[in-house]
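Coming up is one lone chain in structure tokens, specifically the form predicted on its own.
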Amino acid sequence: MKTSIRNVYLLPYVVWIGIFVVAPILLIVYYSFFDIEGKWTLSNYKMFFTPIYLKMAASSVWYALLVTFFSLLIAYPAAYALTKTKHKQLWLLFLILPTWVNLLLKVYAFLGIFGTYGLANAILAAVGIGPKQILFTDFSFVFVSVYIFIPFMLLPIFNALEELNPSLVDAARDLGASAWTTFRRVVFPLTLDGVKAGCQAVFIPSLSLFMITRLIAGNRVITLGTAIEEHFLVTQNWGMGSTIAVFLIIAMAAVVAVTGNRKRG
């Protein structure tokens, strides 16, 4: 009886996943077997393994790794410091507040900040360095991407640190471990699940960025997300765009499988 009631409660979630997750993926796989003229073909998959698309794939992975690395480098100390402050929930709210702002608005804000007459160049001029070309560079792309994704890295790490038993840290210090040894042998391993969750939340969407590459990097950074947008909106080659999306989905599933928690026997 209880099992049947539980199955009834699960039905809306199953329907939701079927309509908004499974069905779109199946449609993408279906369209990937058609060329621009609507004929069934495998040429899209052959085309993906040509140097131009493999280079895009390598570029996507490289920039996603950079964004994930710098996000982790900033978010972990910030989350750790946050757990030691008073009113930490209020400070956490301030840190995640930018996620409530529309992504396009934030990107356009950086167009002004990094522009020739923007705040960044004004500061450089004030300190005697002079204006520099900041927009349309790898630096600007990575910087803006890290800024956007930091809250998604910070939240799971903060939760993992909050759940850490402080008596374990005290025990390590009482046994003579230095602060670095305590962090390396106790704190970081026990918060690794939060780090993995944060890396998933940053790396996976970073693989398919396209709007930031258009506006901030000025198409100097070419990723698979850019190629998908180009095929769907410009060349109208939905088959090739779907093929690239299929490989992105496979890559994302692989990341989840590698970084996911495994049950220990």
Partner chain sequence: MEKEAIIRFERVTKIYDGQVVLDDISFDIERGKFYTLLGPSGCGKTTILRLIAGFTEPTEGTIYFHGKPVNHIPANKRQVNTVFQDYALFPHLNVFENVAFGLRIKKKKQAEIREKVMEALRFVNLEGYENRSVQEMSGGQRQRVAIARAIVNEPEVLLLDEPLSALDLKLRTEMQYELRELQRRLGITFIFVTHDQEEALAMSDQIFVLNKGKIQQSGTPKEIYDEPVNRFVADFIGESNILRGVMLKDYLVEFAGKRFMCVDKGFRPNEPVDVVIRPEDLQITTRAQGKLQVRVDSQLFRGVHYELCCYDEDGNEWLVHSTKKAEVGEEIGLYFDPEAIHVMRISEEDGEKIDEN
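Positions refer to the first chain, counted from 1. All figures in this text were calculated on a predicted structure; none of them were measured in a lab.
This next part talks about the form predicted together with its partner chain, which is not shown.
Its partner chain in the predicted complex is approached by A172, whose closest heavy atom lies within 4.5 angstroms of it.
Among residues of the shown chain, T181 is one whose heavy atoms approach its partner chain to within 4.5 Å in the predicted complex. At least one heavy atom of V186 is located within 4.5 Å of its partner chain in the predicted complex. In the predicted complex, no heavy atom of I123 sits within 4.5 Å of its partner chain. Judged against its partner chain in the predicted complex with a 4.5 angstroms heavy atom cut-off, the residues Q89, L93 and L155 are out of contact without exception. Segments offered: 129-137, 172-180, 108-116, 71-79. Contacting its partner chain in the predicted complex at heavy atom distances within 4.5 Å is 172-180.
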